[in-house]
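Presented below, as structure tokens, is a lone chain in the form predicted on its own.
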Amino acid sequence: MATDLMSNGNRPSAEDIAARRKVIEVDRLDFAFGARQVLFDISLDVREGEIMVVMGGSGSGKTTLLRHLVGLMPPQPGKVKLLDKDMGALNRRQLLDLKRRIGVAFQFGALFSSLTVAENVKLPLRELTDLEERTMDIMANMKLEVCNLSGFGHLMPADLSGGMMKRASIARAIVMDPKLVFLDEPSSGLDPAVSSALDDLILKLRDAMDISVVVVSHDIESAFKIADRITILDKGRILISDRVDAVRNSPNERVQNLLHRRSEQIDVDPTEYLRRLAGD
């Protein structure tokens, strides 16, 4: 893999990260959909100014974990703290106040097709603040420029390329100057050159805005490029959560299978297989 040449040159040391304040703390989080357990005893933290990439195969639980982190699912049981606030202990108003301090860019952009790009970016300001229209215009245009979309605010989402759609979604996520940003599969569906440019944007935003970033991704090269730490989930459990080099050199076979896109061999007992088919 060519990932050794694609790394975060500004990556802080392990000691530096450990000395920073925790902006996310997850403690023994479990979650189940009915009888199906999805997350098992998840514990992790994210520090100020850190980029944490959460990876895992389909069904590993990474999307469910993200939903807990952004407050869409209550932590039952377990604890999730964002910016020193226990999300399970907040009332509705307090939770809304906390959400004003975070930004989220969803996997497919989630832009409103009936609004221009600029109106989409302004939407959090319009819904959550009492700012004057002119002020909202200035803030939205600033974030569009930061995301290399200056001059495109008048377009409709249907007029954007895939990469522009992702950048517009990120501009909306950062328009209120949050301290914590969540990006869901930012490079999904993009060609390598556009994906690499988006990685550069994420690094630039982290450094320029002094924010912490959680990225849910399946893109291994992107993860090695931007991450300070990587957390890999497998079947709802954490396989490893560590620095990039430690993940890359992990002796865990399942970690290496994910990194090298190798399928796991599953031994099937013929009798058990027939029993399942018969519904016994």
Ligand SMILES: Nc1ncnc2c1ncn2[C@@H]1O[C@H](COP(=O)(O)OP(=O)(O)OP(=O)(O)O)[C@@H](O)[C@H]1O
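Here the structure is a predicted model, which means the values were calculated and not measured. Position 1 is the first residue in the sequence shown; the rest follow in order.
The form predicted together with the named molecule is left out here; the points below concern that form.
Within 4.5 Å of any heavy atom of the named molecule in the predicted bound form lies no heavy atom of residue 49. In the predicted bound form, the named molecule sits within 4.5 Å of a heavy atom belonging to residue 63. The closest heavy atom approach of residue 38 to the named molecule in the predicted bound form falls within 4.5 Å. Interface membership of residue 185, defined by any non-hydrogen atom within 4.5 Å of the named molecule in the predicted bound form, is confirmed. Checked against the named molecule in the predicted bound form, the candidates 237, 243, 218, 254 yield a single residue with a heavy atom inside 4.5 Å, and that residue is 218. Heavy atoms within 4.5 Å of the named molecule in the predicted bound form map, among the stretches 22 to 30, 52 to 60, 222 to 230, 243 to 251, onto 52 to 60 alone.
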